[in-house]
Ligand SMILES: Cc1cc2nc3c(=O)[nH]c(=O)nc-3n(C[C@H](O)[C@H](O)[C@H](O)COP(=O)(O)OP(=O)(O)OC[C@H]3O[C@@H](n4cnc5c(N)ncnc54)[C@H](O)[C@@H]3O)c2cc1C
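This document starts with one chain, in the form predicted on its own, laid out as structure tokens.
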Amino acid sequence: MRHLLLSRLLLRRSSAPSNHHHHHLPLLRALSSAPSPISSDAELRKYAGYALLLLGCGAATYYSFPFPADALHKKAVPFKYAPLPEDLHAVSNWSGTHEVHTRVLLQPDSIEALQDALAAAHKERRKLRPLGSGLSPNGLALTRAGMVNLALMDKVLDVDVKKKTVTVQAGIRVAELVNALREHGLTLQNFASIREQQVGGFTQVGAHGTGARLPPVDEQVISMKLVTPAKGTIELSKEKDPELFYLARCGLGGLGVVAEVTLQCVERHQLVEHTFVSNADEVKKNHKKWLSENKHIKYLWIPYTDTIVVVQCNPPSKWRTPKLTSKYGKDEALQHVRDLYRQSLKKYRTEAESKDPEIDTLSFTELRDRLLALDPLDKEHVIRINKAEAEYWKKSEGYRMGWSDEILGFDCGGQQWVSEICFPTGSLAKPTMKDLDYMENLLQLIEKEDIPAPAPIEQRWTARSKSPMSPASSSEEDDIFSWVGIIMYLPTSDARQRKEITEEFFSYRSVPKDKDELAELQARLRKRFPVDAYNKARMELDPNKVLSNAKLEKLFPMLEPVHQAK
């Protein structure tokens, strides 16, 4: 090996460019197969000395810094960055798909402090984007220039049991609010899959649960206090400036920072959840009936299988008590997934790791995350995981009963990319069935493009929203909307692998690659949403774009006033 390394060193020396220092040229000729004639013994000894010096230096370097025996097979050690400065905050969204570093991250503890912060930012033309809990998978809340978070404004201000309303500071998390409402016998009308959102962000981005008769959560807002850069704190409701109220209910944080909000609640109630496995033919046959009969319903589609998991939730019946015990126990339902994980560990890792007793303590989503982490972009590996998931759901069929806030939650798994689409699908009386057509086309695309698509693809429904910036906005009271969430898990911390997963994820969708495509997207948004009215309100409430960021400006570009342009 040493001789090989030395010969390679000499080979590299011999192939050096001709513009090197002139004293190298005779040496190279001396080492070639056709040396030039040497004029004298002194000159020969001189160049022989150079050669010996070169060899000596190579040997000294090699023995001073020896290669370990496994050098050729050793993995590279990632470069470790120096710690961030103390005044620099690293902020990422919940899915870990977007991250920014900022020196400005304010946490006011009162409306007055928030108002002062926005007024100063407005005066100095600085950014101060409302952050919330950062749950949005598209990073809508993030900007390096500066952010404000209301985590210290998390109090319940008033509960009116008679009217079934609650007034809260917007920084309170949904889970904390639900716990506070419990003692008053109240709860929220509907929930998204997770409960970690701050209420301000929960309403501002048009979050939703499922149920064709239940609207997105912004419809629960009956009044709010909005703190704006230019006009300070304004109160909005159906009675006080209704046009701006409806626009700001789902304002994407671009019209002001929601500081307080009053929500319409419902009586705390129990639900019976029925989970069963179906297929495309059965779903098509029963879809209209299921949408109409069930208070909450969702489908979990499993790519590369004929399995559709149907989850229906309804109030308990006075006349019929379902059998709450499942045919299979938890261990039986998980056994197929555990077996696949052990087999995969033998293939991708070691025999010893496959015998780790910890495997038997992992939940289904933990097992799925670990399985995907072994080879997330291998289509055949993902298909095996999907088939194991289908088997898991078949053995998890049955009923369970609990409080609505417990039943309507859903374990989404670990970090992930999410692409969600919302589109109208007729009414309950006359559904168009476009929702099922969309899923059929999507699954065909996945198979045609050989996308390693993990499960599930979640499909839900809501009633319409009267908030014009909501994806489910409509003037027709009976309209219903389908929401389809496509995911690609990020089960690894390896930067290269996460990049590859991200590239594969965008096989589902395209993002604007140039000005023409961006202009086309802006035109589509303008056709769907009242962009002019939204931007007019932004110009009045935030003329210096304090609350904006690059993403908001790309989607809803706002022209500067003439006096500012000058």
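Counting begins at 1, following the sequence as shown. From a predicted model like this one, the values you see are computed outputs, not experimental measurements.
What comes next is about the form predicted in complex with the named molecule, which does not appear here.
A residue is said to contact a partner when one of its heavy atoms sits within 4.5 Å of a partner heavy atom; A180 fails this definition for the named molecule in the predicted complex, lying far away. For G485, no non-hydrogen atom is located within 4.5 Å of the named molecule in the predicted complex, even though that partner is not displayed. The closest non-hydrogen atom of R460 lies within 4.5 Å of the named molecule in the predicted complex. Put simply, Y399 is far from the named molecule in the predicted complex: not one heavy atom of it is within 4.5 Å. Each of P130, G201 and H208 places at least one heavy atom within 4.5 Å of the named molecule in the predicted complex. Scanning L271, I446, C412, A121 against the named molecule in the predicted complex with a 4.5 Å heavy atom cut-off leaves one residue, C412. Residue-level contacts in the predicted complex: of A472, V258, V166, A453, one residue has a heavy atom within 4.5 Å of the named molecule, and it is V258. In short, of 348-356, 275-283, 324-332, 133-141 it is 133-141 that has heavy atoms within 4.5 Å of the named molecule in the predicted complex. Annotation for 164-187: the only interface residue with the named molecule in the predicted complex is A170 [heavy atom within 4.5 Å].
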